[in-house]
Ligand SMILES: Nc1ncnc2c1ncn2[C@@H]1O[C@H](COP(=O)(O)OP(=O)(O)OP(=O)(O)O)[C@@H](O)[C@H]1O
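To begin, one chain is listed below as structure tokens, in the form predicted alone.
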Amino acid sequence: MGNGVVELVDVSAVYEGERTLALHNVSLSVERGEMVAIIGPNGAGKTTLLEVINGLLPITRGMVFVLGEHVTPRSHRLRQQIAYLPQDLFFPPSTPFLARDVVLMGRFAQIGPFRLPHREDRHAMEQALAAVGAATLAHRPIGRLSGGQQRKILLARVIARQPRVLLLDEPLTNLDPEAKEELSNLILRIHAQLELTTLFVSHDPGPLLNAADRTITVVTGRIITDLVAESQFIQVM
């Protein structure tokens, strides 16, 4: 194991019921505070890479470490320090929860089962809403918000976990250009202010991709290129 916050060592993975590997012998090291963009064609394994890091998909070969700990599907305590925002997560108009309730859901791992939120949980929720500029949306039904507003609330939910690692899967999908730029700048600010280590999947050109410290290209489950911001290849696999 190296010294990275996120370490993958010769990792392969396959989805249940499938025969084709979704990841092939992937090795990757991400240092503390880095922002890493993951790009590639549809079905290349980009989402799979995030799921493996978060312990949501068991691996068939290799090892995964986050914050120096071995990741397994039972790494519940470790996953409290990893915030994951999946792709295409939107709420229909009939969703009964207020925006503040959705953000408070980000504290469930800390609260524990069958327990009510404490003062520190509500404070974390309020701080997260303020951090994304959505305090005025707190008492509005989440399903009645625009796509961009919902994405802000979902980002506040993962911030409320007070994570050290942030995983974002296509955070700008299905947003209009103005909302994409606003959310991109918000993610960059949160990454810097909270001193996060961030990995995100994106196809959208703009400030988020431009600000990445590294850009990883994944094709057919393999990391093909790993390009630093100064346009120097640091590994080809």
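All values derive from a computational prediction rather than experimental measurement. The numbering used is simple: start at 1 and walk along the sequence shown.
Another form, the form predicted together with the ligand, is not on view; read the next lines as being about it.
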Distance check, Ala22 to the ligand in the predicted complex, heavy atom within 4.5 Å: yes
Any non-hydrogen atom of Pro41 within 4.5 angstroms of the ligand in the predicted complex: yes
Contact test in the predicted complex: Asp204 vs the ligand, heavy atoms, 4.5 Å: no
Contact label in the predicted complex: Pro171 to the ligand, heavy atom within 4.5 Å: no
Contact check for Glu18, Thr48 and Gln87 against the ligand in the predicted complex, heavy atom at 4.5 Å: yes
